[in-house]
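Okay, so here's just one chain, in structure tokens, the form predicted on its own.
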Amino acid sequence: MPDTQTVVVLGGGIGGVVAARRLRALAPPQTRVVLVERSLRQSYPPSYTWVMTGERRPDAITRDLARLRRKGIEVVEAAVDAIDVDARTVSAGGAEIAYDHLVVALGAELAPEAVPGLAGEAFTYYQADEADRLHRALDGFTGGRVALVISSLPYKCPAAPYEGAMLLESLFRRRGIRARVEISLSTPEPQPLPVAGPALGAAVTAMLERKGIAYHTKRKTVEVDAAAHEVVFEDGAREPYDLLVAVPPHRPPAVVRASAIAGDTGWAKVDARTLATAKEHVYAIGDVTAIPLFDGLPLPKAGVFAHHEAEVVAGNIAADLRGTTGGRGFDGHGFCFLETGDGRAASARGDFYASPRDIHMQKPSRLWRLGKAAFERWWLYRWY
């Protein structure tokens, strides 16, 4: 084994940053750790709903990946063009980067153009700048029909659409216009957060009902009729709107779909415990993966899983580089906060790999809302 080995991490989101930082801390000092990301300005996705409501400015939750160079990580600002697992190279920005170990953390792409009429007509809060654009639109909103749609499955941050609906309801009440606003939420899912089980889904449904938010399940968006200001669903139903907020379709990045690590659906196929692909020394973590659970439902695409998977992969790669046995495995445990408005949040946690799954939710409180804010501050300080 040569003295100097190179570990390349593709993607600078939550999983990529944690993987690069942990590799730098755990791998032998002579190891090159290279992080490739097309945009060095990266923001913290769990806070996008706060950008929407005006509680955060985008700059407050955005950091420059160039700061990681001070930690001994080589940061390359370039889009990834190709992954060649046979040659063990990555093409990025017109250059080739050779690797000994590769971690693919490229996330999921948003594809609003996949639904006719959606792009340009709908607002979203799945990107920091788009959440800010929605915030500005809400400033001028004085009443009418607000339609939120989960356009298709899968999508990342499964609690976010439900948080968004309840935070908007709370915002309209604070502004004194709630009586002039109708809010609906439509989803292809059979219930909220189906992977978390029927009890948790029923609890979230009850929250929406108490807030007067109309909730429609098993509705897949097929078109937005901008002229009529209506969302058209697969079953023929139509939802009128004055303000449309959407979770746009998600798809695997093209470079992953074209690579040898893609499964039948285009998402990276990995071992559920080690996150290893079928290709030697190549791993994939976070939203770019598709991990089926015991009942066929997928592991949710969520930052908490990307973070924990990154820790596992970094530890195992570092052990391999040191010539020792890693043996760490991702255990499927995760948690998330679910904001309910009025300064409160619930907390859900459990074992997503268990059969049956063991997911529990703590009722909304101000304490959990404070916990979410504290976690945001810690994460941005700890990893940059």
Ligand SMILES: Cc1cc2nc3c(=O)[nH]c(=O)nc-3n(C[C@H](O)[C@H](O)[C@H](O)COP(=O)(O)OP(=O)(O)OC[C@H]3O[C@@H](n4cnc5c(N)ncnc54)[C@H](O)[C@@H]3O)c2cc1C
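Numbering starts at 1 and follows the sequence shown. Nothing here was measured: the structure is a model prediction, and the numbers come from that model.
Just so it is clear, the following notes concern the form predicted in complex with this ligand, a form of the same protein that is not shown.
Looking at 228 to 236, 121 to 129, 142 to 150, 169 to 177, the stretch with residues near this ligand in the predicted bound form, meaning non-hydrogen atoms within 4.5 angstroms, turns out to be 121 to 129. Proximity to this ligand in the predicted bound form, taken as a non-hydrogen atom within 4.5 angstroms, holds for one residue of 196, 204, 270, 306, which is 306. Site annotation in the predicted bound form: the residue of 275, 106, 103, 224 reaching within 4.5 Å of this ligand with a heavy atom is 106.
Interface residue remark: residue 38 is counted as part of the site for this ligand in the predicted bound form, having a heavy atom within 4.5 Å. The closest heavy atom approach of residue 73 to this ligand in the predicted bound form falls outside 4.5 Å. Under a 4.5 angstroms non-hydrogen atom cutoff, this ligand in the predicted bound form has residue 255 among its neighbouring residues. Heavy atoms of residue 14 reach within 4.5 Å of this ligand in the predicted bound form, making it an interface residue. Contact residues in stretch 71 to 103 (any heavy atom within 4.5 Å of this ligand, taken in the predicted bound form) are 78, 79, 80.
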